[in-house]
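Next up: a single chain in structure tokens, the form predicted alone.
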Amino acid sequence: MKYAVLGAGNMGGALIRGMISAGIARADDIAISSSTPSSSKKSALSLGVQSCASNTEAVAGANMIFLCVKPAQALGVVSSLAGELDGKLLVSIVAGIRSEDLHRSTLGSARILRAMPNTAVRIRKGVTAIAPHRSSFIEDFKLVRQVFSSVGSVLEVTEESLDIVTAVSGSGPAFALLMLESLAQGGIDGGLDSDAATIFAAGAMAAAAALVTETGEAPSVLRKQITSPSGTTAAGLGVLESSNFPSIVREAVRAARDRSVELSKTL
């Protein structure tokens, strides 16, 4: 397989690093391009892959193309490549851009799948949702699943679910990192040095995630197990609950989902 990655940003780079690290692709099997040639060259140098002067050049020798550009650019990029995508597999990781719109932009020439990975694909611990389009084949799905399984876990979803998946899984790590920052700052406020506070905060977040994924128990059940009546944890949770923390988080998820829906309607 030969791969093209259109867009030299964080997610495209994370996916490339994961694929190479997992051994699913060699660096010389991957070509990248960007709207800014200097950015493409810089990214290619750091990743060890081929830099292309244009999207057309990147796509020319590829079987599978990953669309990793910004939402506002996606349909324009695909339209400009319609003649070059004939019979090829286009995998979009762009939030909010519907498969049918992508397919229409290729003039029906390409096979389309949408995937929503999160940034942890960089360290092969990502979670990716894949939604096939009617233009794709089961073999295409298997190939895309193989790629993303090499950098984490994969779930098949309907395209209608991708907006909420984007909010929870795609944006969720940023929400969690804000919580981590705040937790660490609380440690610093209490007298810990910055490095120690960050290590303890990151360990707490990792512990919470590991408990859920490895025990299979519900977060609410695990939280109750950790919380002793009238103890330190109960005191802290009382502040979060009285400050409406759970509702604030749910509202953040709704806002991210709504923005994904909005993108599909405005572009």
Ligand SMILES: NC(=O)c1ccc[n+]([C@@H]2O[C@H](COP(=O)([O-])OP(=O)(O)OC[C@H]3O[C@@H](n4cnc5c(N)ncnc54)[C@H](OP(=O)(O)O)[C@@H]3O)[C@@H](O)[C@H]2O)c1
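Note that residue numbering follows the sequence shown and begins at 1. Bear in mind that the values here come from a model prediction, so they are computed numbers and not experimental data.
This protein has a second form, the form predicted together with the ligand, left out of what is shown; the following refers to that one.
- With the partner removed from view, the residue among N63, T233, S46, S35 that has a non-hydrogen atom within 4.5 Å of the ligand in the predicted complex turns out to be S35.
- Interface residue among L102, V151, I93, L162 relative to the ligand in the predicted complex, by the heavy atom within 4.5 Å criterion: I93.
- Stretch-level contact analysis of 137-145, 68-76, 179-187, 193-201 against the ligand in the predicted complex, using heavy atoms and a 4.5 Å limit, identifies 68-76.
- Put simply, M116 is close to the ligand in the predicted complex: some heavy atom of it is within 4.5 Å.
- Interface residue remark: M11 is counted as part of the site for the ligand in the predicted complex, having a heavy atom within 4.5 Å.
- For the chain shown alone, G170 is a contact residue for the ligand in the predicted complex, at least one non-hydrogen atom being within 4.5 angstroms.
- Contact annotation: T227 falls outside 4.5 Å of the ligand in the predicted complex, judged by heavy atom distances.
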